[in-house]
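Heads up, the chain below is alone and in the form predicted on its own; it's given as structure tokens.
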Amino acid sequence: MSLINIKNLKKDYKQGTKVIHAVDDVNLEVGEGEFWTIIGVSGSGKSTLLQLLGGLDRPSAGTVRIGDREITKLNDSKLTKIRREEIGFVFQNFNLIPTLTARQNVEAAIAKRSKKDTKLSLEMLNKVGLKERVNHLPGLLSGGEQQRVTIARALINNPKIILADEPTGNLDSKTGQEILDILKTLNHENKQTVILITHSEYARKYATHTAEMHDGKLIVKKDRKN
């Protein structure tokens, strides 16, 4: 059984008298432990698709299933629980709290609080190469370091799924490749399913599966076996 199953998914927006089909009848199956890269230009609908997949927005039509649950039918509290415990989000703009240290930003995302919070957050930050920067505020970290904090934050609840929306968009090419290397390592070693949204063609080599987004339509390419 697939981990994620999307059927006939649509998201429409009204722009005056015009209807914009941001996501237009998308179908996709994602298995456990796969690494998907979805490539498309700005405005192609890829970020909207990721928001629907992560339960951050609701579709105009169609379904999204994670395991045996159709998340499009869940109420807000059940959706929040799934997002906190089963999905790790990595965003282009980091979304870190500026007054909290790297460690505190990671701990703020822990779904089930315990006395082991600090130990766990330090473990996650060490995993992404920030052992010496745990007590730094976001303003004292480079863009690449801030993105590593967001990855540690995404990992803190050991999610089955990592959704990454343009995680290299604000980074130089070298740092961007380092971030993709981290995501690939997590996918390979932890068997976490990764769906990466990007406009960068070089991200293809990191994926086991690739698709392209054009005007709301998703075109699945031949599988890669990395």
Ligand SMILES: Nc1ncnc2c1ncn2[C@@H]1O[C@H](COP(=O)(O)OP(=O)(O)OP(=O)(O)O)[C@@H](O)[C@H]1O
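Start at 1 with the first residue shown and count on from there. In this text the structure is predicted, and so the values were computed from the model without any measurement.
Absent from the display: the form predicted together with the ligand. The rest refers to it.
- The contact with the ligand in the predicted bound form, taken as any heavy atom within 4.5 Å, belongs to 44 out of 177, 44, 187, 157.
- Exactly one listed residue, out of 193, 168, 48, 37, brings a non-hydrogen atom to within 4.5 Å of the ligand in the predicted bound form: 48.
- None of the heavy atoms of residue 202 is located within 4.5 Å of the ligand in the predicted bound form.
- Contact annotation for residue 218: none of its heavy atoms lies within 4.5 Å of the ligand in the predicted bound form.
- Although the partner is absent from this view, residue 15 contacts the ligand in the predicted bound form, with a non-hydrogen atom inside 4.5 angstroms.
- In the predicted bound form, residue 211 stays away from the ligand, with no heavy atom inside 4.5 Å.
- For the stretch 144 to 163, the set of residues having any non-hydrogen atom within 4.5 angstroms of the ligand in the predicted bound form is empty.
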